[in-house]
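One chain is shown next in structure tokens, namely the form predicted on its own.
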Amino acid sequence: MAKKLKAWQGWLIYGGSLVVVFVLGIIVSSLIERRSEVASIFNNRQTKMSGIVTQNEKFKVDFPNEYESWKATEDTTFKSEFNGNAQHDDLASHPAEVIFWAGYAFSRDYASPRGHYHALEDMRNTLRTGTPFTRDQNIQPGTCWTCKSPDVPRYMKEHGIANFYKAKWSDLGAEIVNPIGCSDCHDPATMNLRISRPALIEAFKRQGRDITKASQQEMRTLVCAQCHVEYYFKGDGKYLTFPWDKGLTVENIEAYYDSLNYSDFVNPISRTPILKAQHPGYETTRMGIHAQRGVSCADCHMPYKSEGGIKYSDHQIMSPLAHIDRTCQTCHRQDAEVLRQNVYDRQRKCEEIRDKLETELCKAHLEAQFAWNHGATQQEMQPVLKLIRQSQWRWDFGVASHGAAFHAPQEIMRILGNGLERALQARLAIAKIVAKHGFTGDIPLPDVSTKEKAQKYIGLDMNKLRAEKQRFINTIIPKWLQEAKAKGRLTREM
């Protein structure tokens, strides 16, 4: 028989129910009020938009919080143990990279990225893009602009996707003038998230997936995956393509490239056909625990912020370590410093393997050169070149992906460890080859311990390259911007 409640217990349950109903009413009221605020913003927008709006400042009146936080990507003061948002010369820190990229534009200049606000400035200024008036063999295709500006989808719509890709980089300087911004990720009319770059849509389609069926939470990652991915320029038309047809792992993508007998360039030192990883951030993120738990890029890199009673996504896209209280601690209850050190610990372990791999891989390239110079044959060297190619691909895949040592530390350590193993195998094979041709002992290696020494060794005249680029910055770029402003494509002051 059920026990009868005492009077005070009944009143307690009644009072508790009232409190619960009251709290739920407040929550519902707050949600309705928030929805009303959002609806009011969209129903009373002062600037009606449609199509592709390339000038980011046009969004300022209706979305001041988002705009001001986006503009804060101009700031470069944040610094962590491993980089930050200031530009850092990676070749100076890791001179072996000059040897890895000999014969390729990255051996000239490789700096860490700054915020989205600086995307075009850094693209114009880097030595990698070459200079159009010197018949520079390293002048890049128009495809290199793809992720740098909302002017890209505008140009694609006006002139065609293929025509954009096959143009020369220097031919589009007066067209691509507004840095990464609102229309890259949002439909200006509705502000819904959208995919503005065709390569991601095409990659999904080849996999039999319909990107239009993606959820809102998935879109908060996919808008980033338009650009933060591995890609290559396919065919003579330099058509931007994501190599995902066999899968997203380092081995899957390598198998895809191998099936096409594709290489980005041939290293003239070791004569190895090299795969250059771009920045496979999306791929490596998918291998980590956060993505597996449904966490999106925006959850950590664009945390919510409240000001004046308004809640919005912070568009100062940067390291989550800059705002641990709004990023990590929304899920994790540990102290901020504990969480920061947890991240650094993972990064340090990956960095340790990276340094060892770079040392061995650099020696493998140089020792391969020695072997060629001492009579090694193509048949003898073929297994060596395969090992060097595989080693460098794994090194690059693990290093070029921004934040990979945090996104998927176990996978990155596995990838770098496999790369180290292949570099050591290559060196052992080279030692046997040169012994067969009469040389025993340690192979003499040149001093490439600094960026300057390494660049001189591979034959780069850096003073000439810098002078040519400065001439380009002083003469060509101002003409681009003046032309863009005259045509109304650029409305802000440069």
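Each form is matched to the other, and the largest set of C-alpha atoms that superpose within 1.5 Å is called the rigid core. The structure presented is a predicted model; accordingly, all values stated were derived computationally and were not measured. In this text, residue numbers run from 1 along the sequence as written.
If you look for the form predicted together with a further copy of the same chain, you will not find it shown, but the lines that follow are about it.
- Only one of R45, K453, R466, K432 comes within 4.5 Å of a further copy of the same chain in the predicted complex through a heavy atom, and that residue is K432.
- This chain appears without its partner; in the predicted complex, the one residue of E254, E202, E411, D187 with a heavy atom within 4.5 Å of a further copy of the same chain is E411.
- Residue heavy atoms within 4.5 Å of a further copy of the same chain in the predicted complex occur in exactly one stretch of 319 to 327, 112 to 120, 369 to 377, 413 to 421, and that stretch is 413 to 421.
- Taking non-hydrogen atoms only, E352 approaches a further copy of the same chain to within 4.5 angstroms in the predicted complex.
- In the predicted complex, a further copy of the same chain lies within 4.5 Å of some heavy atom of L339.
- Proximity of D299 to a further copy of the same chain in the predicted complex falls outside the 4.5 Å heavy atom cutoff.
- Contact annotation: Q334 falls within 4.5 Å of a further copy of the same chain in the predicted complex, judged by heavy atom distances.
- Along 430 to 452, a non-hydrogen atom within 4.5 Å of a further copy of the same chain in the predicted complex is carried by A431, K432, A435, K436, T440, G441, D442, in order along the sequence.
- After superposition on the rigid core, the Cα of S17 moves by 2 Å or more between the shown form and the other one.
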